[in-house]
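Read the single chain below, which is given as structure tokens and is the form predicted alone.
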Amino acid sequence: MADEKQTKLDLNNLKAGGFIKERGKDLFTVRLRVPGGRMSVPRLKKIAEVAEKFGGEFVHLSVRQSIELININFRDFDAVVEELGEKSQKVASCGARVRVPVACGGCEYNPNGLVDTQKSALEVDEKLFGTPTGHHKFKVAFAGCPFDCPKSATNDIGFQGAIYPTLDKDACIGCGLCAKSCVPKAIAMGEDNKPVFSNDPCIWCGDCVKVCPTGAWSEAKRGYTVRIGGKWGRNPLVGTLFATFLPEDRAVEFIAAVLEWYKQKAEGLGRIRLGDTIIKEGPEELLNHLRSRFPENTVAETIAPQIIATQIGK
């Protein structure tokens, strides 16, 4: 048996398991896994009980929808995990691995939602959470519509619900509601008092389909717009468009393909994020990799992730 006096905590391993060292002696933050930001009321009550028993005066709600228990003594780790119940409330992950996905409410109750983001987030969490990248953290976000509340484009992979509209002119009564509701001005009324659609301004929000009283506007395609290479932090990037109308049930497969490329291309480059790897290799390299598996969804061309100059005006 090892001498207990020489036993040391491996802070890197603890962090990988969601236990993050605080400033205080022997104190840690325990980050809980809340995929998609959704939690049942009974679970929430149980977390409050555990936090009150072992933690400080408050919990912290992270910007990525996790709940963090503050001021947990490392000697209480086993008791905290046991009382939370490993099956019902797992500890999150940090380090160079796939993180817990974030998501908005999707289409279950939000009138703007176009896709079931909660289902997608849970599937990604179940199948890919904690997957080592070998290089750096890897964050995924799901937005149900172009309002993009989760700010999906600032994640390594960001999914955004989208509908491509099509018009049956014979069914159109020329009411003009579609043109009035189209904020990007992709629809205008023509001389024949029928809508004229312009593809370039369209952000695929589906508002024209929703407001049409006769069903003249309908969806030709529905799925995820996918932007890749975003990150926040000291040197933020905005991810750029790599795929359109990706079927909802192929999100996990798509992420796995991007991870495969990332692991290979970032080999030997140290701690480097996906977006910086794309900038180094060029976006066409990743496009070619994705095109072989998702030919109907991968865009013909794109640009590298874009640098956000946060120090403007300094």
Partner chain sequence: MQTIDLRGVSCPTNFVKAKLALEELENGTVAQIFLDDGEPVKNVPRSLKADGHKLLGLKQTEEGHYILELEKVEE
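Remember, it's a predicted structure, so these values are computed and weren't measured experimentally. Numbering follows the first chain given and starts at 1.
The form predicted together with its partner chain is left out here; the points below concern that form.
The contact residue chosen from K221, K194, K210, K151 relative to its partner chain in the predicted bound form is K210, the criterion being a non-hydrogen atom within 4.5 angstroms. Taking a 4.5 Å heavy atom cutoff to its partner chain in the predicted bound form, the contact residue among C175, I203, C94, L241 is C175.
The stretch that touches its partner chain in the predicted bound form, counting heavy atoms within 4.5 Å, is 211-219, out of 154-162, 195-203, 225-233, 211-219. In the predicted bound form, at least one heavy atom of N112 sits within 4.5 Å of its partner chain. Shown alone here, K169 lies farther than 4.5 Å from its partner chain in the predicted bound form, counting heavy atoms only. When its partner chain is considered in the predicted bound form, K180 lines it closely, a heavy atom lying within 4.5 Å.
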